[in-house]
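First, one chain by itself in structure tokens, the form predicted alone.
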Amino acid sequence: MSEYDRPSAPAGALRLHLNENTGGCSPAVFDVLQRLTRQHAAFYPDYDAAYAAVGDRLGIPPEWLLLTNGLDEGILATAAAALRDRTRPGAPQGITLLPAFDMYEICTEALGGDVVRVPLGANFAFPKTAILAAVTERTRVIFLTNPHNPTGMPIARRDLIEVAERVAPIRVLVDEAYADFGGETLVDRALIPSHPNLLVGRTFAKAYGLAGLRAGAVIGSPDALAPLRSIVPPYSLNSWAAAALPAAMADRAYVEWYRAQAEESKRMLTAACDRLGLRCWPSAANFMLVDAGARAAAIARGLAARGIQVRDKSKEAGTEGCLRITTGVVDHTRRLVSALEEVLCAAGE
């Protein structure tokens, strides 16, 4: 069975390996957290304000929303709801792309399902035809990510909707963990009610800087969310996350600042890769995939020696020779580019 690779980083290292918000959370969020008391730790949280704030920010009624302990819990609940469905014949299967976020495969296998991996097309193109061809009577759920992880490339909204429509009633979870950077979303008042098999995942770890508080959400019609509500524990979201969400949703200027920082960082890293002879792909997320070929592992080690952690994906299927690098705060990206130049210079390249 697969297990999530939880990479560590030395204290004080620049963390460009987990797609976190490298600027931290909004100051308004930190102010709220500092005002919490011993009673907030002792009492079960109330979620009304959090649901109202997130629903308002996404433009949906709260009943279309399920808050979760990080989006990982939403993925797990989606897999559980889908794989326990015995209305269709055969041993249950889940479909994911290759490469993709590990948790889709991990959750499917942990709950007794088989995993079907559909490779991305040439140059990481979205393999819509191959996904549809992979669907059988055993298929219970399809996991997709937009923008995609680990490539950062966006998937056309019309293609995602077409997949959901053509495979119905099979569940489709579209993970929009990076949609705050990419712009396009399926969280739509007109779309959600007319697609009862569609679920949309969101996280507040990336643009909002709440990764350490573990706050995510699944969006869908009330009927689509009902099976997940019976699985997610009643107090899964902790008091600190519940208190932070309203403040995070209200501080739109902070999110816009971080999004602008990510855009500038992607331009800087793209220019550096062009100058240094490294290939990279356009990204709609807060990270970029860089093809360093046979040098990838050595570059990752060289950056680590200079206090910068990047994600070495070079030995994983579908991302051979590649590094995934967070593109967040511009000053951090300047430090990365300088270190990357040092590493390649030291190697005589």
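Numbering starts at 1 and follows the sequence shown. Just so you know, these numbers come straight off a predicted model, no measurement behind them.
Just so you know, the form predicted together with a small molecule exists too; it's not on screen, but the next bit is about it.
The single contact residue among Thr145, Thr96, Gln261, Thr139, judged by any heavy atom lying within 4.5 Å of the small molecule in the model of the complex, is Thr145. With the partner removed from view, the residue among Ala177, Cys273, Val232, Leu198 that has a non-hydrogen atom within 4.5 Å of the small molecule in the model of the complex turns out to be Ala177. This chain is displayed without the small molecule, yet in the model of the complex the stretch 199 to 207 from 117 to 125, 199 to 207, 160 to 168, 232 to 240 comes within 4.5 Å of it by heavy atoms.
Within 4.5 Å of any heavy atom of the small molecule in the model of the complex lies no heavy atom of Ala79. The small molecule in the model of the complex is approached by Asp72, whose closest heavy atom lies within 4.5 angstroms of it. Within this chain, Phe101 lines the site of the small molecule in the model of the complex, having a heavy atom no more than 4.5 Å away. Residue contact check for Ala215: one or more of its heavy atoms lie within 4.5 Å of the small molecule in the model of the complex.
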